[in-house]
Every structure is written in structure tokens, then in C-alpha cells.
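Just the one chain here, laid out as C-alpha cells, in the form predicted on its own.
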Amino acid sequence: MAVITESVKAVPISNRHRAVRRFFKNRLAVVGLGVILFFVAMAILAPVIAPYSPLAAHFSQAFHAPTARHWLGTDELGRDVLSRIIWGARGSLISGLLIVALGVAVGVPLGLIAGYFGGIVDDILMRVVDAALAFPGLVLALAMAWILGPSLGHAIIAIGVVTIPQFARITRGQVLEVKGREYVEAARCVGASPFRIMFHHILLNAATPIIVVATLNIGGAILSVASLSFLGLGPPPPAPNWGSMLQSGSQYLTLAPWISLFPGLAIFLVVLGFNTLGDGIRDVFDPNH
């Protein structure tokens, strides 16, 4: 029993402090975390800090360049671009988190079951996963979103389903690496149930790569939602959404480039923030660093 207990023992405090120190030595990861926290705070405080309503149209103020009154200018309907970006941060961040949560909630158990039981179960599940991976992710999401209809919820479902095979594959690989170790065999010897072995002994010791991939995928999910919104398969107007703002502004690039420039910059910064944060987390747990 000592072997089993030790395998799932919490990380010692000294190791936690060492991991935190290693993370904060990675300047890019710290900057990425700061960018993410900035946008999270902006999304939470949107009702307080947004200078105008994101939906209020003032046709007489359309296409105003950035000024002291409208810091990022106005769009084709006279709506304040800054206010729409601030409110759009909510949908972008929530959609990214929900997409990855869906991929993890379905993909991780599938990979865990396939890797642990092996045999015919593994063959069936992995062939289904391979078939899904054979399609380009964005094309598959585009087709599903078109079938379901334009809305943020449908875009989340479409992209979330596309991420499931990736998490299933990663989890299966980690399970195959971990399940033959001594503490797993010891758990079997003392009569632990397959459910307890899978989730308590195997998954806890194989979670690091899954966490890293999940962090990286949040940025990719936000970018995918913006892509679907750009193509008209996201939340319908006039909802503030970075992708739809890019699409509407693309018609006025020579007249009012700020309508597309600033939402595009917001997408770039958030995706870059999650990518650098994921790299930082990976470096913390990488034994070769």
C-alpha cells in the first residue's frame, strides 16, 4: 500500500515553489499570463469600463477615426469600437474555455478507456478517432456549424467536437506509458477497481501533457471561433464578436482600417498569450529543462 499512496501523493511544497520559480523565470510565459489576466479582467469588468453600449448605433458618428472621445474609433454604424472589443472579450474567452472543456470532458475518458483496456476496445475507439483526424479540423467545424446554424453555441459545439480526437490520442499515449508502472500493478494487486486505477492512479500521473495541450488549445479555439464568425457562422449581428467585427471592417479597409485592425490585434494578443503560457507550463514540467 505504501507504493500506491506514494504514487498519488501531492507534490511537495518545495517542489511546488521550485516549479513556480521556474515558471516566473520564463519571461515570455509571464508576459503571456499578464496578457491573459488583462483580457480576463477586461471581460469581467466590461459593464464598468466600457465607455459606451456595444450595441448603440449613432449613424452621424460612423467611421470616426480614433479620438479622445472614441479611443479606437467608430464602425460603419457609429458604434464605439473599444466598447465592442471589451464586450467581445467575454464571448471569446468563454467560448475558448468551453471548447477545450468539451474536448477534455469527452476526449480524455475515451483515451483513458482505450489505453487502459486495449484490445478490441482500443481498436474500435482509435479507428473512430483516426477517421475524425483524417478531416481538416477547421473544415469539419465549418461543416458542422453550417448544419447547426449560425450562433455562438453552435460554433462552440462544432469546434469542441473537432478537438475531442486530439485529447483522446494524447491521453491514450500517456496511459500506455503509465499503466505498466509499479504503482499501477500494486493497485491491481490490492484489488483496486479499474475505475479507481484509471482516474486515481493513471490519470493523475499522466495529466501534465493534457494540461499543456489544453492551455495551448484555448488560443486555437478562440482563433477558430473568430474564423467561423468571420464567415458568418458565429453569433449573429449585432452581438459584439471579434470575428464578426473583422468581417464587417474588411469592407472598409481603405476608408476605416481601425474597424478591423483593433479586433485583429485583440485576437492576436490573446492567442499569443495562451501559446506562451502553454509553453511556460510545458517547460516547468519538462525534465529536460
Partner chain sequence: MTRKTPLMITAATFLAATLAACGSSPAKSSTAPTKSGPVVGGTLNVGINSDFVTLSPAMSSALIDRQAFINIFDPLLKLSPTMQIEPNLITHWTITNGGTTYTLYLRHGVKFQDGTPFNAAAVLYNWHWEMNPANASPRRSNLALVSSLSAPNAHEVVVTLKAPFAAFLSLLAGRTGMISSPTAMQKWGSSYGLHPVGTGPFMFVQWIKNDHMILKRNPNYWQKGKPYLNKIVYTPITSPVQEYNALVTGQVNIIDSVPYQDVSSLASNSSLRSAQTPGLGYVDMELNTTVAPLKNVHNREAINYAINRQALNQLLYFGHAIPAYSQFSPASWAYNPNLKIPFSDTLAKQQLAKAGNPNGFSFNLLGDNSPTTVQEMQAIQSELGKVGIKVNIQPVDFTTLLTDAIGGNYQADLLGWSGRPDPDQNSYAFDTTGGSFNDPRYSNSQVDSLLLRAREATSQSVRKQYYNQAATIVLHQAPYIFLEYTPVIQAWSPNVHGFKIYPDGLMRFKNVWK
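Positions refer to the first chain, counted from 1. These numbers were taken from a predicted model, which means no experiment stands behind them.
Keep in mind the form predicted together with the partner chain is missing from the figure; the text below concerns it.
Engineer: Exactly one of 66, 236, 34, 51 has a non-hydrogen atom within 4.5 Å of the partner chain in the model of the complex; which residue is it?
Structural biologist: Checking each option against the partner chain in the model of the complex, the one that comes within 4.5 Å is 236.
Engineer: Is residue 146 one of the residues lying within 4.5 Å of the partner chain in the model of the complex, judged by heavy atom distances?
Structural biologist: Yes, residue 146 is a contact residue.
Engineer: Using 4.5 Å between non-hydrogen atoms, is residue 73 touching the partner chain in the model of the complex?
Structural biologist: Contact with the partner chain, no.
Engineer: Does the partner chain come within 4.5 Å of any heavy atom of residue 231 in the model of the complex?
Structural biologist: Taking the distances in the model of the complex, the answer for residue 231 is yes, it comes within 4.5 Å of the partner chain.
Engineer: Mark residue 45 yes when one of its heavy atoms lies within 4.5 Å of a heavy atom of the partner chain in the model of the complex, and no otherwise.
Structural biologist: Although the partner chain is absent here, residue 45 would stay clear of it in the model of the complex, with no heavy atoms inside 4.5 Å.
Engineer: Given a 4.5 Å cut-off on heavy atoms, tell me which of 173 to 181, 158 to 166, 95 to 103, 76 to 84 is the interface stretch with the partner chain in the model of the complex.
Structural biologist: Result of the contact check: 76 to 84.
Engineer: Taking the partner chain as it sits in the model of the complex, which residues of 259 to 273 have a non-hydrogen atom within 4.5 Å of it? Please list them.
Structural biologist: The stretch does not touch the partner at all.
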